[in-house]
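The chain that follows stands alone, in the form predicted alone, written as structure tokens.
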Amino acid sequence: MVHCVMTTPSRVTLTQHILRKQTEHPGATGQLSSLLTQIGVAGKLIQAQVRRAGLIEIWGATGDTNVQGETVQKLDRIAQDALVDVLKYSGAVAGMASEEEHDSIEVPPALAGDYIVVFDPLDGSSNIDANVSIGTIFGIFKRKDPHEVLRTDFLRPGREMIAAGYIIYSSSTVVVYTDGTSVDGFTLDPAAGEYFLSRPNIRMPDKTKVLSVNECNEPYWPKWVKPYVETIKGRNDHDKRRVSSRHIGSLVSDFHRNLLYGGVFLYPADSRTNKGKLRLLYECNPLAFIAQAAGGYASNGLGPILDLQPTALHDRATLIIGPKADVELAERMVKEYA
């Protein structure tokens, strides 16, 4: 007979955890705590629609294209509207920028708070119809001017963020966030309608067990990528397979798995355009901020992602993110094959 050992989950809610963290910052006004809590609320609204998508026919495309020239999925628009509506009335946000919108969104002064939020409302949305995990990615800055929202509030290095996180909609709905000191994960209990602390103080393993890269893009890789991939894969020998290939094609899901298990995610520039594909503000910076707080590292091959100075709301970048030693190995190989 097999006996199952049941563990008692933490009963610390997301809101309780955020409020406890607030006490570590003397002089805190409570706005950031309110903002993080409200992002969790938006996540609940989005996950409810994701779970009902097939039943109420909100799969598929709207027929529109976004600022990136990509097809807008119906759930993209639902997630966008949910985030904007919740954040607008949170009392903590002065301005927002979204991957789905051409320009930034300014909150009316009577509703405005102290923070700027950048987000990808539904990362991996091309996978929606196949029931593949998708998610929301966000980063938070303190506004620069108490009287007006400036373009420079958004166009700043990721290192200036004060918090970042993501929400994954999958077999369970999970929130992971950091205020720069620790990375903590919470799982939504549908029965209680609350997120409960499920992974406190997440640390990225320092060994790469997973390599996440779309190898079908090899014909378009810069010269350094193939030898780098072969170096990582070359750690497998007759004694043991030490590295596996896993590529979901949903950045937030690939990163979450690698954060927990130890892995490198790699999306290099495409030789046809000489540009990276991933958005600096909405994808690269928030995940780089999380990786750093968890002991990992993110680079564009030439230096830290968090040091890049954006020039436009929809700048793109090469992203190499994972255990510090292997991301630094990529940087060395970029120089070697330059």
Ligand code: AHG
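Residues carry their position along the shown sequence, with the first being 1. These numbers were taken from a predicted model, which means no experiment stands behind them.
The same protein also has a form predicted together with this ligand, omitted here; what follows describes it.
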Among 262-270, 105-113, 80-88, 233-241, the region lying within 4.5 Å of this ligand in the predicted complex by heavy atom distance: 262-270
Residue among 136, 258, 250, 178 with a heavy atom within 4.5 Å of this ligand in the predicted complex: 250
Sole residue of 182, 172, 214, 131 within 4.5 Å of this ligand in the predicted complex, by heavy atom: 214
Partner proximity in the predicted complex: residue 44 to this ligand, non-hydrogen atom cutoff 4.5 Å: no
Exercise: residue 153 in contact with this ligand in the predicted complex, heavy atom 4.5 Å: no
Contact test in the predicted complex: residue 278 vs this ligand, heavy atoms, 4.5 Å: yes
Contact test in the predicted complex: residue 122 vs this ligand, heavy atoms, 4.5 Å: yes
